[in-house]
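Only one chain is shown below, in structure tokens, and it's the form predicted alone.
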């Protein structure tokens, strides 16, 4: 009680801020995670493109859970976006104000429950970067964003989403997760599916522009639009994924019994449409290159080069399930191409590939 918080100076991008000294970010009285700097670099470049995407000037943005204010400060200083930095923690708000002053900037800083703030105010762009799940903020974000808005969200509760705690995923997102060999992409699609369904309640669509898995979190950026017809078209892209945990068979349809080994399958219903926007990724790639964010550009390039067909194959898992001796990845990819299928590497897993070949095709090829 009454213990003095030791602060340290941090330079990130063009912003200088004070953050609490903490060996583990979660233990600091105000959260700051240096590992997320690469993600914030990407986000800055996304903000560079918002006027073009939304076809509107004078955009108003919100950092709903701002902590030290690093995101809001960088978005304003580096991309020129008019930002509001909000946090319900009074210690965080006090620190944000100090950091705003430290950078000689003018920025609105609020101390409110993020849901209340969004319900009572209109924003063109909202960034939701919580510790855990973003899902409890999506209804309010839908109410706050205009007819033509943009939303970015982070989810760090990857264990439930990826199948370690399927019942938690079902409670939180309305979809029971599965611990498959392609769990990273399935978990990301469960998150996107839940967000889409919330927006659909209000006859609005959430269209993913960039979605990725990195380290301990998922990050999704997308445009929000109105329209019943658009909602209906989007919902048609939801379908079942069935998986057999005995032999590894899977398919994008409802199959309660495995056609290969007759074992009972597990299944869930998720969005199977595009989770990337290729034109947006090209523009983002150029922005990252101009700002010399080399590692971030490589990540976006890798995502851009992935084929859009849902789900990847972890080759280590596949060779193990089929009882075959593993081959070099490039050799396996060449075999797939020779059979007339598309194939690419994926950012989701270093030992995995994406292809439009079915499980039966893959089994035959290897």
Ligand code: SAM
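Since the model is a prediction, treat every value here as computed from it, not as a measurement. Numbering follows the first chain given and starts at 1.
We do not show the form predicted in complex with this ligand, though everything after this point is about it.
* Go through 189, 243, 204, 71 and name the one with a heavy atom inside 4.5 Å of this ligand in the predicted complex. => Selected option: 71.
* **Of 113, 237, 170, 282, the one that lies within 4.5 Å of this ligand in the predicted complex (heavy atoms)** => When this ligand is considered in the predicted complex, the option within 4.5 Å is 113.
* Asked: Among 330-338, 58-66, 312-320, 293-301, which stretch has residues whose heavy atoms lie within 4.5 Å of this ligand in the predicted complex?
  -> Among the listed stretches, the partner-contacting one is 58-66.
* Decide yes or no: are 88, 131 and 137 jointly within 4.5 Å of this ligand in the predicted complex, with each residue judged by its heavy atoms? => Verified in the predicted complex; spot residues all in contact, yes.
* Asked: Across 211-246, which residues bring a heavy atom to within 4.5 Å of this ligand in the predicted complex?
  -> Not one residue comes within 4.5 Å of the partner.
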